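Take a look at this single chain in structure tokens; it is the form predicted alone.
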């Protein structure tokens, strides 16, 4: 493609979230502040570590699904790892148009993109995938448990999930009577994204209601969905500050 035409197409498809290098000297202009863009590489490194640790040489013979794929940044990362068949799913068609455009520009085969609402996924139609990826989605959901149950049904072997988390809250609450109490461990924080949602911010969920888990709540919900051996992935040296401080986490969970 002519470089000038490529730049015009990039501009027409914007605004862009991820900085894709599509040709020598041609990079999609990310709307994410430069000081935050380090999260992209940290997430990629943590995905690579988790996927290689579990699958090893088998990466070249599995298929994967990227739920909440956005513009396909990590779908393409999975392909770079050698996964031959990757399906990216996202709620917003604008994101998928950019993802498909990137795939065409780079000549990447084995990656396809479809529109889907994570809360309405039909695992019976999609089937099982040895590797399921869910990055940056859970903390934008109104019904995280509903989605985790669907992710479990999709997962053949391993789920790799990244999410923002809130601080832990422990305590005791009345449970049916003043005399009857139950301890609680972990918390789901209710976040209002109404402003961003009404402004058309493409990084919100499908509704403006958000429930963000604490780390212990996340572990409990994954286990309640049926997953076992839930492990937190250690951030690499020089990790993006939120992942380094545990304000975001990457976890693996086995079927």
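Predicted model only: the values in this text are computed from it and were never measured. Residue numbers count along the first chain shown, from 1.
Keep in mind the form predicted in complex with a small molecule is missing from the figure; the text below concerns it.
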* To do: State yes or no: in the predicted bound form, is some non-hydrogen atom of residue 213 no more than 4.5 angstroms from a non-hydrogen atom of the small molecule?
  => no
* **Distance check, residue 206 to the small molecule in the predicted bound form, heavy atom within 4.5 Å** => yes
* Asked: Can any non-hydrogen atom of residue 136 be found within 4.5 angstroms of the small molecule in the predicted bound form?
  -> yes
* Is residue 117 close enough to the small molecule in the predicted bound form to count, meaning some heavy atom within 4.5 Å? -> yes
* Asked: For the spot marked by 54, 85 and 255, is every residue within 4.5 Å of the small molecule in the predicted bound form through some heavy atom?
  -> no
* Structure fact -> Partner-free chain; cross-checking the small molecule in the predicted bound form, the single residue of 79, 92, 100, 149 with a heavy atom within 4.5 Å is 92
* Structure fact -> Assert contact_stretch over 179 to 187, 165 to 173, 138 to 146, 102 to 110 against the small molecule in the predicted bound form, heavy atom within 4.5 Å, equals 138 to 146
